[in-house]
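Taking the form predicted alone, here's one chain by itself in structure tokens.
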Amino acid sequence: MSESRKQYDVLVAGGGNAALCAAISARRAGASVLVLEAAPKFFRGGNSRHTRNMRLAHDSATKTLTGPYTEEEFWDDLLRVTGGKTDEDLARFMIRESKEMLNWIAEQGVRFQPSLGGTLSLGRTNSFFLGGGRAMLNTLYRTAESLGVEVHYEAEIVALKIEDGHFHAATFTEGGRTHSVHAAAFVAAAGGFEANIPWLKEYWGDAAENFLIRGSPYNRGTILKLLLANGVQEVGDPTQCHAVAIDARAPRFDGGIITRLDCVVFGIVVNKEGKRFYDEGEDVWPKRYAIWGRLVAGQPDQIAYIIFDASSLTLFMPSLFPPIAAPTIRALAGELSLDPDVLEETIAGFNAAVRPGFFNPTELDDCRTEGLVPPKSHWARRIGTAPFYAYPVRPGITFTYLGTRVNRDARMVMRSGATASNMFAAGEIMAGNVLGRGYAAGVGMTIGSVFGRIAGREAARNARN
């Protein structure tokens, strides 16, 4: 083992949005900062590479957001998707702090594009990064490095020296050698454990073998496991996660946003038995898309199929893979290896239950079913215009909610109830404080940015003292 010859004020574990916000914040506060990113440089940034936007409270319209989107409305949206499983004090604090983030992120060089309309329904609530997540990350890296932040890639932390809630040093591997680095404060921003299939199987069983991982294959939960083993208090249900329905043809890891399917609300979803199992039109898509991963995970063999017809083909953002097409429902069933009689019966029953209404793809309309279980509450239109289409879908895990408990200063809380003396956390590794379950579009980036900025600032303050 070779010992580091330099003492850092702040060591940041991770290389995504939360880590960079922490590194920049700490460096701007005068701290010397080392960032250790486990991924190679090309794959740096964890799941932030695949993001598009961030949810932000604001009191009036901005150049990139219509408005307003009040703190109370943000809280109501979060409360609805989590079903109340959230730390209200910490969540409300995050929402209040989010009002400053649009300007702060822009001050670091990140650019935003004008608000988007259409079926995403996010023009008032979410600000979109110009060029997407990778462009945002590249900008943050340039800013961090220009400030003097030191970044090492393919540098995986394998051990932490922690005594009574006080961080002393980390052991990491880089270039085939093992190194030790000391720092006055530690920020954990290394994501969840979604890419660790054996760990997922501890909670999900063999079903986890059918999960696809939307994000980084480097998010294996190593830092989280080390922290919990060293007395940090855990938060969150290990079976809860940000999981959406993605194309079953996607790669096992790193498929990203282009494998997500946004057409559920315009058709029906059936399992391998050809039966529907949930209301496809329960609410606008940004408030419900993240429930579909868990819904599909609960179906036989963790597989389902989105079925729609030609009238809906151009209503949603296309994904990487083209839909499977057929001239008839029976032919489509054959393409999907479904029982054609059952699929025909399911669609006939759905069509018979559809009640006339005014179809509006961008808002909650009055097109619904009647007498059907489960119902379709909005956007219900008969499936009858050939050709017919389908997407096979599996659960796509974005990140897990088991994490480290923190307070408003992003300081970790120990199992004893005491706060850690010099350890902080930001991003997915502590998202379970806010997200007990469910998800609303862009909230992950809010958590990472808000608590990253705070963690860096407080870590630098701790190091000075």
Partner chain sequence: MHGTNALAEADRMMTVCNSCRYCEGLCAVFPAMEKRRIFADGDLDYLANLCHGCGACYYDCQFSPPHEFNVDVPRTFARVRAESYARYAWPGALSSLFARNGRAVSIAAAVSMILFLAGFALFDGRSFLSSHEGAGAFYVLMPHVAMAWLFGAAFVGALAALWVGLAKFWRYTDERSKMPVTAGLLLQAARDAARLRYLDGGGSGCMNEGERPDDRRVLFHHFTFYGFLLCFAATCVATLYHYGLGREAPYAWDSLPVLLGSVGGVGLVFGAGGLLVAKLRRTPELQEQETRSMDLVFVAMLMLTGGSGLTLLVFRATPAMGPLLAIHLGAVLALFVTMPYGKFVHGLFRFAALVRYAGEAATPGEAGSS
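Take the two forms, find the largest set of C-alpha atoms that superpose within 1.5 Å, and that set is the rigid core. Keep in mind the model is a prediction, meaning the values are calculated, not measured. Numbering follows the first chain given and starts at 1.
Missing here is the form predicted in complex with its partner chain; even so, the following discussion is about that form.
*Asks:* Which pick from 303, 181, 284, 258 sits with a heavy atom within 4.5 Å of its partner chain in the model of the complex?
*Replies:* Comparing distances to its partner chain in the model of the complex, the residue within 4.5 Å is 258.
*Asks:* Counting any non-hydrogen atom inside 4.5 Å, which residue from 27, 437, 50, 411 sits next to its partner chain in the model of the complex?
*Replies:* None of the other options qualify; the answer is 50.
*Asks:* The chain here is shown without its partner chain. Which stretch in 56 to 64, 393 to 401, 425 to 433, 40 to 48 comes within 4.5 angstroms of it in the model of the complex, by heavy atom distance?
*Replies:* Single hit among the candidates: 40 to 48.
*Asks:* Look up in the model of the complex whether residue 168 has a non-hydrogen atom within 4.5 angstroms of its partner chain, and give yes or no.
*Replies:* Residue 168: no, not in contact with its partner chain in the model of the complex.
*Asks:* Does its partner chain get within 4.5 angstroms of any non-hydrogen atom of residue 113 in the model of the complex?
*Replies:* Yes, contact at 4.5 Å.
*Asks:* Applying a 4.5 Å heavy atom distance criterion, does residue 313 contact its partner chain in the model of the complex?
*Replies:* Because a heavy atom of residue 313 falls inside 4.5 Å of its partner chain in the model of the complex, the answer is yes.
*Asks:* Residue 123: heavy atom within 4.5 Å of its partner chain in the model of the complex?
*Replies:* Contact with its partner chain, no.
*Asks:* All three of 132, 142 and 318 touching its partner chain in the model of the complex at 4.5 Å, heavy atom to heavy atom?
*Replies:* So, yes: the whole triplet contacts its partner chain.
*Asks:* Answer yes if the Cα of residue 316 shifts by 2 angstroms or more between the shown form and the other one on a rigid-core superposition, and no otherwise.
*Replies:* For residue 316, whose C-alpha is compared between the shown form and the other one after core superposition, the shift is 2 Å or more.
*Asks:* Once you line up the core, how about residue 237: does its CA shift reach 2 Å between the shown form and the other one?
*Replies:* No, the C-alpha moves less than 2 Å.
*Asks:* My question is whether residue 262 is one of the residues whose C-alpha shifts by 2 Å or more between the shown form and the other one, given a fit on the rigid core.
*Replies:* Yes, the C-alpha position differs by at least 2 Å between the shown form and the other one.
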